[in-house]
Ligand code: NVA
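Here we start with a single chain on its own, the form predicted alone, put down as structure tokens.
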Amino acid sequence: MPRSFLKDTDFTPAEAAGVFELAARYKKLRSAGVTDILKGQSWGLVFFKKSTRTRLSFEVGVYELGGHPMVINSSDLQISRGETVPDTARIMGRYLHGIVIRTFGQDIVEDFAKYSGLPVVNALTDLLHPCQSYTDIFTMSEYFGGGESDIDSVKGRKLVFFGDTACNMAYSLALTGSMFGVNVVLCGPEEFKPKPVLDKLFKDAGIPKNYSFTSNPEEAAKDADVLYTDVWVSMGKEDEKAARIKAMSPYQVNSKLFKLASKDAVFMHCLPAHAGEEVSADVLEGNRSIIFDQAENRLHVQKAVLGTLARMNKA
């Protein structure tokens, strides 16, 4: 079976560092035009969930690597009328060279990898968001590296994620951050603390945990290098909106928390953001916000993930 990128830990720390090095090269050389590592290949970009950054960055990224991106909404497939995931994956395996999937259950991306016989990239599941967490660590490596990506510059940095800490972003940040020595603090209400599945992910990967949980936002923000948050009401959780906002309102990232952080601290968010909910408008639009650097880097990092998989699977 070819190598895929379904979990943050599917690359070793050394391989992930190589992804970041390649992303930095792609970013510098983008103006030189299209490369050919995916020349002659067609990649399916399958969306079970709506998307802005993921669709744009992967569609552009496959093209810039010389491939042909095919955007496929799940509602347009026979899978929406009862065809099984294994059968759909087998069919795609006969036509395509790789698949990128944004979906609900982690089992769906794993089944596509199992039955298609193709490299598969997890572009988001309810469990994990590895493309985003890799992008976030890469963005940190640029900021703390003085403008040039330096993965050693993130070691020992404190990243605090505020809000629902039992979500895909919290889990992926804990995993990827731990791979590179980032001190990840997950901060939110007790009822939204990480589930045992996160520790199982660490155990299965065989990497040491470098994250902690607290329900005290002031304690978490103290001396933090990165204050990070995500929407409080993700897709599929709309029925819980009122209860979630009430429970998580004490965890809004705002100027009060920034006063407790380190003097060079930055704000990060995977977007889309809701000003006035998980983040105050002044922080979101302030000079410490590097959210659009993050958003741009999705393109470069995902191109590097695709390029790395192409090289691994060709060897």
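All residue numbers are counted from 1 along the displayed sequence. All values derive from a computational prediction rather than experimental measurement.
There is another form of the same protein, the form predicted together with norvaline (NVA); it is not shown, and what comes next is about it.
- Residues placing heavy atoms within 4.5 Å of norvaline (NVA) in the predicted complex fall in a single listed stretch, namely 225-233, out of 92-100, 203-211, 113-121, 225-233.
- Taking a 4.5 Å heavy atom cutoff to norvaline (NVA) in the predicted complex, the contact residue among Ser141, Asn168, Ser178, Thr88 is Asn168.
- Comment: norvaline (NVA) is not present in this chain, but in the predicted complex one of Leu271, Val60, Ile290, Leu260 has a heavy atom within 4.5 Å of it, namely Leu271.
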